[in-house]
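Here you get one chain, nothing else, as structure tokens; it is the form predicted alone.
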Amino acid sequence: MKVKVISRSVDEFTRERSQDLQRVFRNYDPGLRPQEKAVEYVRALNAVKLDKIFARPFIGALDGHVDAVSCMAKNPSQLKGIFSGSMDGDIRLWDLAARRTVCQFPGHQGAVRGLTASTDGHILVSCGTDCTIRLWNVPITSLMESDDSTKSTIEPASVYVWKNAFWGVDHQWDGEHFATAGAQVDVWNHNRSQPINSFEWGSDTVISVRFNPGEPNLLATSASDRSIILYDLRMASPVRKMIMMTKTNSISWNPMEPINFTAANEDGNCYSYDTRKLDEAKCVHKDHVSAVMDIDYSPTGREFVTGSYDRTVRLFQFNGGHSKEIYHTKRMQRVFCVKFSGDGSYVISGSDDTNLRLWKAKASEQLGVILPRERKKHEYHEAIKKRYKHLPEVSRIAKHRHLPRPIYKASKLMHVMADAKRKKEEKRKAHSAPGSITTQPLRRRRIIKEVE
């Protein structure tokens, strides 16, 4: 980096007589600022350091379940309400603002594997390993109560018994249909005890199902045979199928770009795809050192959150190859489900240690009322950080993260293995006939084939 130094000639600034006027250089053009870059660089450096000082992402833990939290669902009509289901069959509605249980939904005899709420927020759909689907009427008035009264218990409005266990459920964004994942994909209606449609492609178990936010009749599923399948409710058969090298645990659609979705994979990476071109990933998001269990996009579609078996929660830009934040605590165990809040300001994670944890989506964000002058200062700091983010010192401080020792060691080992594999491929290519060995990019390497 160049450093500008002010140098003045002694002859020019020495007066011959005491009555002579002192020579003064003035910049009469306010648009010219000779030291602008130097001053703003120091301010950008201080801004990224302040971000590290004030980074306190963890807000609090929601304690109440007695077994591992297996799934969560947002209430579209309430910002501070979230549903959670556990392995012992307990379903709870939480008030995030008060950090307490509002009401419970007892009835499942096994693990709750899927939760989803209707678009208007009045009906909650749950399914689990006890081969039942239960529909619940959500008490809207419960979240409005400010007193810390005893939590209420809700009885199911409908119970549908089926012949197979369920692994996931998702509700149509605009309509009365919901889809369940199990031995096959079944599409249900609120008012019918039998599925109105069933889809099957192969004999393997379907793990997750997600409706498209832009096209209500389109849904994506992932199965235990390492496949990702697209279905259209208006057609009698599935549309497309893609088989990867490892299993996909969860899928999330981008709400602002509904043609794109991101898959959380068993190999520790997330893969973003365009539904029009499934033979190549748009972006590969790396950093987890174990299987990614769940994924959820923010309402703005600019970032997503992932929860992993390595006991961490990470936040990614929608087009970023590496995570911008990593959240972890000493007591947090394997993370099974993650969700963004309805306004995108917070992240909720559910883990194997029976707790839900509430995090800030931006680690150093100031909570509470912000004065206009403070808001302008924050905006200015964001602008200069963006302007000088390419400089080595600023980028080094911005990218630095404190990692738990097991994750740090595992990531170093993965780097060593990747370097060894790369060197082996380079040597094999160097000692082979020209053109006989081709190296596929990582965006294509994990895809085995695409079936239509």
Partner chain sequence: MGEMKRKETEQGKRRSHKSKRNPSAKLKKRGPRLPSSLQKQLQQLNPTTSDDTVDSDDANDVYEYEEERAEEESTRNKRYDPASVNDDLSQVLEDENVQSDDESEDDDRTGTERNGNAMTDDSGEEDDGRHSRMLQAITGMPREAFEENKKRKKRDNIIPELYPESEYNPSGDVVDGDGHITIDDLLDPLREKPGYGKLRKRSDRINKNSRTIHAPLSKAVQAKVERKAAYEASKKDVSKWQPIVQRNREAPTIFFDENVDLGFSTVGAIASEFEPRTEFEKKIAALVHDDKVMEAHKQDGSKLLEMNKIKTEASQIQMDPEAAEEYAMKRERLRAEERMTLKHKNKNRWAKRILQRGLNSQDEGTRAAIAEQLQRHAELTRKMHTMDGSSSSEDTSDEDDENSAGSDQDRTRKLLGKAKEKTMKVLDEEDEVPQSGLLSLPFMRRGLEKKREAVVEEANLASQEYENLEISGGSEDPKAASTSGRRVFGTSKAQISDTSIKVKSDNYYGGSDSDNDLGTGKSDNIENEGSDFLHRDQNNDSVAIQEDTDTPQESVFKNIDEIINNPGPKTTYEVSIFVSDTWKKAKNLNEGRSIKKSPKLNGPARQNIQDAEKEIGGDSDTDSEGQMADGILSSVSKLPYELPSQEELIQQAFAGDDVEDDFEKDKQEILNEENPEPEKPLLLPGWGQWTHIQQKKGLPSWMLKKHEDARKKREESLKERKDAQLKNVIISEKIDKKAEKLHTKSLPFPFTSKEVFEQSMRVPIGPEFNPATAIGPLNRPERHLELKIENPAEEAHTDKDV
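Under this definition, the rigid core comprises the largest set of C-alpha atoms superposing within 1.5 Å between the forms. Numbering follows the first chain given and starts at 1. If you're wondering where the values come from, they're calculated on a predicted model, not measured in any experiment.
Form predicted together with its partner chain: not shown, discussed below.
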property	result
Y41, P299 and R302 all contacting its partner chain in the model of the complex, non-hydrogen atom within 4.5 Å	yes
Any non-hydrogen atom of R276 within 4.5 angstroms of its partner chain in the model of the complex	yes
Partner proximity in the model of the complex: M256 to its partner chain, non-hydrogen atom cutoff 4.5 Å	yes
R331, heavy atom within 4.5 angstroms of its partner chain in the model of the complex	no
Interface membership of M244, its partner chain in the model of the complex, 4.5 Å heavy atom rule	no
The single option of N355, N260, S323, S118 touching its partner chain in the model of the complex, heavy atom within 4.5 Å	N260
The single option of I384, I407, A61, V48 touching its partner chain in the model of the complex, heavy atom within 4.5 Å	I384
Stretch from 185 to 193, 367 to 375, 263 to 271, 284 to 292 whose residues place a heavy atom within 4.5 Å of its partner chain in the model of the complex	367 to 375
Those residues of 315 to 335 which, in the model of the complex, come within 4.5 Å of its partner chain by heavy atom	F318
CA of R23, rigid core aligned, shift of 2 Å or more between the shown form and the other one	yes
Shift in CA distance, G31 and K376, in the model of the complex relative to the form shown here, given it is 3 Å or more	farther
